[in-house]
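Take a look at this single chain, the form predicted alone, given in structure tokens.
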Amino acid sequence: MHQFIFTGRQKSVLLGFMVLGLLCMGLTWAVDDPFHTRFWTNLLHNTVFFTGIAFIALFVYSAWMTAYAGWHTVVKRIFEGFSLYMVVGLVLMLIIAGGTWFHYHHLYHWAAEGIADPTSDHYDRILAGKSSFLNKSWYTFGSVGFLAVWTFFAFRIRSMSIAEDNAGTADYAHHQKLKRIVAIFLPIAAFTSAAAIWQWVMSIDAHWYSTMFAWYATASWFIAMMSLTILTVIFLKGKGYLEEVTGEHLHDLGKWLFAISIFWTYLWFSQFMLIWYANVGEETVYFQIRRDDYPVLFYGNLIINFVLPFLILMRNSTKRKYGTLVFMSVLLLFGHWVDFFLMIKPGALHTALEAMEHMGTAVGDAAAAHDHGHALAGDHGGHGAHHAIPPGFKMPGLLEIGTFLGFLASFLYFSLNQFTKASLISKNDPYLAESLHHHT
């Protein structure tokens, strides 16, 4: 079967999880601090994570097509479906960007009033030096502009791919037009995605920077996307679709999962080692806070996202076993979601606590919040490994897990709905024969 049917039962299950996600977000808002830091960090975390999965799906699809790769042709409709979720990410990022103007969240230190004004009590010399990039206008128009461009390419590539199917016969000239579009997209995506990652995630720890951060976050997105691709392929095959996908294709998907996990670890270690070795205070504080205050997540991140995939996926046979692939894909999807949790939560909590301290408000116990505010102010004081961290920041809580499941359900609902609009196999793709006879 090539035409996917999105059943009522499948829709009901996913809608149920989406409702769960909304309930968890509502409960988070109700029990949150005065700035609703937990709510906004959860929204930013999941928006960036799932929008990134959609983006990287289009990026690798374009890269493989430009490289004349044919093996992925039988699963390329999955990448197309994933990529269109960026339209949801565009709407959500517009909401988050609005918070930098109207101050209904305090996620970013650089967005505080007077931060770049030498006459202000809130003046910060380091952030003033970065203000030409870290400012509300750049964040808003950069985020919306980048996502709008990516979304345009996603819909354009999808429509051209479907038009190729509707052409009646395989036409390489038509495919060449599609190849030119993806070739245009690749350099645009490469440059703008780095700037987007700097704005959305790295600028949360506004005094810190890393030249490797964009690579690191992109590798995390890639592994999460590949995990979700494998799970989707196995789900569809279990329903009788994608009969053309064989163990050879799953083997290649598993190899990408394994290879980029090793690449991600290389970036993790290189970023940590070079910064730690340099011993520059404004750089090492990023890792000091996470190592001392979040040790379970810091070391667990490496175990889940490197040690386990290295030991389990190294053997060729494990890349062909459905059970092993499902287990590793679920583990790595969640593991890299936790990776983004660790990128976002500590810095955002630090910013919110400093803002509350300046405004004379509190989170729970005022003394604990005050102490922790100083503890997390890395370049303003020491670290605070023994101070209490509010729920939802030290470790993902039930509300965070529920929100994640809601976003995941929305991503799958959107993608499965796209699968119904075209054949799951691109029958007129000139590389289809190569894909059907793919052997590793």
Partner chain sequence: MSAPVSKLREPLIMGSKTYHQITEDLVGPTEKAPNSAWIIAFILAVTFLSFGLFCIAWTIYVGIGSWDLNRTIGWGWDITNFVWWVGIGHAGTLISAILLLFRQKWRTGVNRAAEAMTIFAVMCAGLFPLIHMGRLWLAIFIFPYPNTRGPLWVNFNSPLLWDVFAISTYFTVSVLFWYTGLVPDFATVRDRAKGIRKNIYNALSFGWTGKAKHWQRWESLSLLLAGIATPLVLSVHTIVSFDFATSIIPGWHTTIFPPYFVAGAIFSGFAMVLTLMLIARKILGLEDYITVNHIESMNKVILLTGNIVGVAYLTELFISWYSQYTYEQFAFFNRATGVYWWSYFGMMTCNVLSPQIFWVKKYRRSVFVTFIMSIFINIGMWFERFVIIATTLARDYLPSSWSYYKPTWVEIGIYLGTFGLFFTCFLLFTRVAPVVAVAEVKSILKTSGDQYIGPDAKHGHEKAGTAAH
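Remember, it's a predicted structure, so these values are computed and weren't measured experimentally. Positions refer to the first chain, counted from 1.
Just so you know, the form predicted in complex with the partner chain exists too; it's not on screen, but the next bit is about it.
- Between 195 to 203, 155 to 163, 99 to 107, 113 to 121, the stretch whose residues reach within 4.5 angstroms of the partner chain in the model of the complex through a non-hydrogen atom is 195 to 203.
- Although the partner is absent here, Ile389 sits far enough away that none of its heavy atoms falls within 4.5 Å of the partner chain in the model of the complex.
- Within 4.5 Å of some heavy atom of the partner chain in the model of the complex lies at least one heavy atom of Ala433.
- With a 4.5 Å cutoff on heavy atoms, Tyr209 counts as touching the partner chain in the model of the complex.
- Contact annotation: Leu27 falls outside 4.5 Å of the partner chain in the model of the complex, judged by heavy atom distances.
- This chain is displayed alone, yet in the model of the complex one of Trp256, Phe334, Phe298, Phe235 has a heavy atom within 4.5 Å of the partner chain; that residue is Trp256.
- A single residue from the set Gln271, Asn305, Thr318, Thr218 has any heavy atom within 4.5 angstroms of the partner chain in the model of the complex; that residue is Gln271.
- The candidate site formed by Gly129, Ser132 and Ala183 is fully in contact with the partner chain in the model of the complex, as each residue has a non-hydrogen atom within 4.5 angstroms of it.
- Contact residues in stretch 229 to 244 (any heavy atom within 4.5 Å of the partner chain, taken in the model of the complex) are absent; none meets the cut-off.
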